[in-house]
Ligand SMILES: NC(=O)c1ccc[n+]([C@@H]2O[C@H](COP(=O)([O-])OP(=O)(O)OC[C@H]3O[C@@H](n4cnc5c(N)ncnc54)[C@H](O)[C@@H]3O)[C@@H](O)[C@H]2O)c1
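A single chain, nothing else alongside it, follows as structure tokens in the form predicted on its own.
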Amino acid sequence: MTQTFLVTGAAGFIGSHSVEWLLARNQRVVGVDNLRTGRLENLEVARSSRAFEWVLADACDEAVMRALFEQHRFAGVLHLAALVSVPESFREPALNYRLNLAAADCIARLCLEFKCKRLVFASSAAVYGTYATLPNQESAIPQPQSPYAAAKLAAEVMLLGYAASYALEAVCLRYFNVYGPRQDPSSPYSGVLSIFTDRFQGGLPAIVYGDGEQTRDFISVRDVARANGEALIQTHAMADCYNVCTGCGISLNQVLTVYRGLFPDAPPDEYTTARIGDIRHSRGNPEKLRNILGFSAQIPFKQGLHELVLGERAANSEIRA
């Protein structure tokens, strides 16, 4: 059945892939973005579809958002609009509050006002903190250690409070290390894989902070888009917090071995002092989301890295060969 969904932060890295997932399943999408960090070119495919409506707006602008809710009567909302930089959240705590907590409150209240039952919220594994026991379990006591993580956690608590009080189906997805095409490597806050890719493609050495044995739970943006879409569409999704991860930890040295196969002539990697505050190991438990939505990550890391480096079409043809 075709329904209409709202996606905030639609022009972003995860947002644009999520929009395309929904459109590919014959859903209608209204995409909102203020282009603070999103890029209009990310929506090139989406904007060619008659089922997509593009709106240049701030998700915090309650008047504009109310008009959209009144016009479309959304079946669900995927709320991705956010301040995405942890360092920026330290420098701009008021902006962090507005974009990562107040905006979520605005969207949630509009969902209640216009009887939109399903709200999928983009949270983060950052809520677990540095010293959490691995693998990260949703039942663990969160230990946020940045304004960014604190705001994400506060938004989760607020949304689940609305869920308990008003039967809002608030699904909070805690993303781990998302990577893939369209991740902006020019920002110093980008994921390590997009930065590595940019350096290798430019003939520059990869710079590794520490010994390279730190591990991350890398998950392809295509898997994350599918998790977002299923959380929106599946009728039996329950209000709660869920990890979006693979359950596998991959070291940066293992990552660099894959890159060496793609860039055999690249200069040697450069190792430097570990950065203060960097998490040594990160890995999530994916079972809860698997049990409620039947979701499991499907993109093998090597394939996902090829898609990031070579582009989606080239990577798929190379892997099939």
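Don't overthink the numbering: it's just position in the shown sequence, from 1. Being a predicted model, the structure only gives us computed values, none of them experimental.
Form predicted in complex with the named molecule: not shown, discussed below.
Contact check for Val255: every heavy atom lies farther than 4.5 Å from the named molecule in the predicted complex.
None of the heavy atoms of Pro286 is located within 4.5 Å of the named molecule in the predicted complex. Among heavy atoms of Val30, none comes within 4.5 Å of the named molecule in the predicted complex. In the predicted complex, the named molecule sits within 4.5 Å of a heavy atom belonging to Gln183.
Here the chain stands alone, but in the predicted complex its contact with the named molecule, taken as any heavy atom within 4.5 Å, falls in 170-178 among 200-208, 129-137, 170-178, 69-77. Screening Ala82, Ala108, Ala155, Cys241 for any heavy atom within 4.5 Å of the named molecule in the predicted complex leaves a single hit, Ala82. Proximity to the named molecule in the predicted complex, defined as a heavy atom within 4.5 Å, singles out one entry of Ala104, Leu119, Ala122, Ala151, which is Ala122. Contacts with the named molecule in the predicted complex, taken as any heavy atom within 4.5 Å, map within 43-77 to Ala57, Asp58, Ala59, Cys60.
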